[in-house]
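Only one chain comes next, encoded as structure tokens, the form predicted alone.
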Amino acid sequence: MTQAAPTPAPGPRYTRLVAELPASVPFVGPEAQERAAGRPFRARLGANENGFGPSPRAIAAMAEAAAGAWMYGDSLSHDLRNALAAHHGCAPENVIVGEGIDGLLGNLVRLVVAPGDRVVTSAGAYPTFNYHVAGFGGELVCVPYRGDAEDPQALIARAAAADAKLVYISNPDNPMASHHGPQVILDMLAAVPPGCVMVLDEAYIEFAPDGTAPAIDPDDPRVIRMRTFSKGYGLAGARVGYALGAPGLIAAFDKIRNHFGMSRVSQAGALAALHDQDWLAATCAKVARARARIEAIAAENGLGALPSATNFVAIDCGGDGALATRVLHELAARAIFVRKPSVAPQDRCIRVSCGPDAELDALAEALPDALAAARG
């Protein structure tokens, strides 16, 4: 007598990969923390948003586009892609627009990483990239920071040894705000092993010293450069990122991307923001002043601030990761939202985003008591 097949358990039959993934997300947003605490933050200084806001032209363009929100956005982001190509001196075929750098990273990993493929990054670098690699079954190979900065030579050496499909570096870096000069990045690119693509995340490039961005041939198939409207342009909530790369790689995104992922409102806002470079320059000046203010607040409390080429500052709390975590929690108890690196020894720091004077005033008021409580 044949035995009946077992009845499947109710509910979805997840893939083995998904079933084995941890139930975690890269970041817990400030809104979730506010709901848990039952009150809003006085200072939102943890997500590296641009608290100085977007160009008024971008706001006006988005308001006008909102009346057409009943229509899908242009699936090719034609106007924005062409404007970005003109801005960067390349062809539209070198540009892909997507739902922030996070969305583009997810698509890139999906394009090239199969279960078991190796990907190289720095231990403690941007966790959302790691999240995508894990989600597609890739094997993450990490190298340590060197002197609170990513180590390009070590990344390339490990990529060659591991036969990696991708090697990731952010310049300037998150979470430490350090940066490398253009020749360092060009030397890294020259050494990319065959069959590997360098992912150059330049989310914070607008805040870096002039000349930080290297001159790279947009048709170079060894690299893809990630840029965003979330930071310098102040449009984090609009979710507009873009990548610059060789036409073949850019065209491959069309095989798997969400073709209607970009709303009309977001495209209009980004296009108007791109055309207001004066506002971007004024914002970068405000960020520079805010960096100096954060450094001064740290010094007033006997703490050291690491040099920053971004819109945030890493503050060394003078101990280990446990102390920095206590400082972070004590600041949150005083309604100040900041974040911190996750991997030692960088986890000895807290990371404070640049923001308007009122929010930095709140930080200056809360930090002495938070430090005392954390140390006590």
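What you are looking at is a predicted structure, and each value in this text was computed from that prediction instead of being measured. Residue positions are given as counts along the sequence shown, with the first one as 1.
One more form of this protein should be noted, the form predicted in complex with another copy of the chain, which is absent from this view; the next part is about it.
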* Asked: Is Ser75 a contact residue for another copy of the chain in the predicted bound form, using a 4.5 Å heavy atom cut-off?
  -> yes
* Asked: Does the 4.5 Å heavy atom contact test between Ala281 and another copy of the chain in the predicted bound form come out positive?
  -> no
* Looking at the partner-bound form in the predicted bound form, is Met262 within 4.5 Å of another copy of the chain by any heavy atom? -> yes
* **Contact of Arg293 with another copy of the chain in the predicted bound form (heavy atom, 4.5 Å)** => no
* Asked: What is the one choice in Ser266, Asn130, Ser178, Thr212 with a heavy atom within 4.5 Å of another copy of the chain in the predicted bound form?
  -> Ser266
* To do: Counting non-hydrogen atoms within 4.5 angstroms of another copy of the chain in the predicted bound form, say which of Gly302, Gly116, Gly147, Gly248 makes the cut.
  => Gly248
* Structure fact -> With a 4.5 Å heavy atom cut-off to another copy of the chain in the predicted bound form, the contacting stretch among 248-256, 138-146, 270-278, 181-189 is 248-256
* Asked: Would another copy of the chain in the predicted bound form be within 4.5 angstroms of a non-hydrogen atom of every residue among Ala63, Lys165 and Pro194?
  -> yes
* To do: Quick one: name the residues from 36-57 with any non-hydrogen atom within 4.5 angstroms of another copy of the chain in the predicted bound form.
  => Arg44, Ala47, Glu49, Asn50, Gly51, Gly53, Pro54
